[in-house]
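Only one chain comes next, encoded as structure tokens, the form predicted alone.
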Amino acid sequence: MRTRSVLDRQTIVVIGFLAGAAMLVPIFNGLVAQDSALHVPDHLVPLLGKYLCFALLALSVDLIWGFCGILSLGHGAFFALGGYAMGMYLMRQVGSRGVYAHPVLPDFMVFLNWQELPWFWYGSDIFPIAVLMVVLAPGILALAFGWFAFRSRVTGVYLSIITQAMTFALMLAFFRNDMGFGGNNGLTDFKDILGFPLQAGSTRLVLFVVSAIALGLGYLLCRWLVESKFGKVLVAIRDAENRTRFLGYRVERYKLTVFIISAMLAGLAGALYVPQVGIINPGEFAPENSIEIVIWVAVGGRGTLAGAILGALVVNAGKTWFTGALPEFWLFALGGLFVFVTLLMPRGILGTGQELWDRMRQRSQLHQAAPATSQAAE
């Protein structure tokens, strides 16, 4: 595949935006006076980092929905699993500094009278293993789920319902205290990561920059996939699955592969999200969270990749503003936004913008060609 097809105008804009954010936010936070309008306060840094994590999560959904036609209403499960994998590492770093000062067991295990560390917590205090589990846990779940679902040729609304049932079942399971993940309270009271205190301003800035880099790399990966032959087959599956199967392509393998990649990206987003918000609990598995992710993608522009990022940033920034200014009307605003986009902007913000731009360019070309045509006729 040609490098030029990946580094198109849209990609340059996205990468430029993320690079600018990664450089300017630390500068405006540390070097600009606090009374300046350009100053980025300390509490805003993790909030912006959270937005970038949500953008990576939306990107993972757009990869399978926008280009393969797989509408997943359970991607919150993969996001939460990646978050729990990182949360386990952060809990093990607390050690004897916890409330009960146990050198091995997290506080909630001591409170629940656990006598030893569960086997699935082994190695969670080693950062490389924790990072590996961040992508393996959602990847294995996606492999198991997709293997049965795609081989059974479950598609459309039925697949969406099953994915939602999956995340709801996991939510109920993680609420149980005997699961070994903190039950209703989840994992919290984190102290540091790789020896750096999480509450320090410098650590928050580094996490923000890492989130921006991860989003940029995730976008480049998705862009490379959809522009390759693999991506062309995905689009063919989206538009005419039976015809693609008739042509000899193993549709189930393609769908399973992209589903696993998408789940891993969602898990990575969850892992970056947890140290910046300081908690992970079963509420992240809630089905409404997965539905909200789909709204981000639809608002930004399904099948554009950059639109998914834009939708996540716009909707979550609006959510932050509305929950502070008009908390009672936030859900109505979100529902109204989705209805507005569905009826008047079915291609989303970015898709509609591209369509208008193409129309304006075509009209400009026609106007330029008209005088030349009349002169030739004379």
Partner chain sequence: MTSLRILLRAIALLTAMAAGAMAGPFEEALPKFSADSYSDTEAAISAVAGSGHERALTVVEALRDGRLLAGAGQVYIREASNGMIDAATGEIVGGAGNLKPVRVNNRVRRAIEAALGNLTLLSSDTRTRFNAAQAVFRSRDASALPVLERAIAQESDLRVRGALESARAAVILNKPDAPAVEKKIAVEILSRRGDQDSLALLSNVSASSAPDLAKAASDAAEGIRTRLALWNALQNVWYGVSLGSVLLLAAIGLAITFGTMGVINMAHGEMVMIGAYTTFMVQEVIRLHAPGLFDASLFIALPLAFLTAGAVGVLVERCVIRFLYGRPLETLLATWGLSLILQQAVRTVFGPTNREVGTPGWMRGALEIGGLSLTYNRLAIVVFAFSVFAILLLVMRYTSLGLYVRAVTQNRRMAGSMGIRTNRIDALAFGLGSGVAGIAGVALSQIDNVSPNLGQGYIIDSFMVVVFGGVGNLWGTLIGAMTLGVANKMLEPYAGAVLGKIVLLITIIIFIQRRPRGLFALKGRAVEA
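A quick note: this is a predicted structure, and the numbers were derived from the prediction, not measured. Residue numbers count along the first chain shown, from 1.
In what follows, reference is made to the form predicted together with the partner chain, a form of this protein that is not presented.
- Taking the partner from elsewhere, residue 38 is found to have every heavy atom lying beyond 4.5 Å of the partner chain in the predicted bound form.
- Looking at residue 331, you'd find a heavy atom of it within 4.5 angstroms of the partner chain in the predicted bound form.
- The partner chain in the predicted bound form comes within 4.5 Å of no heavy atom belonging to residue 109.
- With a 4.5 Å cutoff on heavy atoms, residue 268 does not count as touching the partner chain in the predicted bound form; it lies far away.
- Shown alone, this chain has one stretch from 70-78, 116-124, 83-91, 210-218 that lies within 4.5 Å of the partner chain in the predicted bound form by heavy atoms: 70-78.
- Residue-level contacts in the predicted bound form: of 104, 200, 173, 206, one residue has a heavy atom within 4.5 Å of the partner chain, and it is 173.
- For the options 277, 99, 131, 291, the one in contact with the partner chain in the predicted bound form, meaning a heavy atom within 4.5 Å, is 291.
- The putative spot formed by 15, 23 and 195 is not touched by the partner chain in the predicted bound form; no residue has a non-hydrogen atom within 4.5 angstroms of it.
- For the stretch 125-156, the set of residues having any non-hydrogen atom within 4.5 angstroms of the partner chain in the predicted bound form comprises 145, 148, 149, 152, 154, 156, in sequence order.
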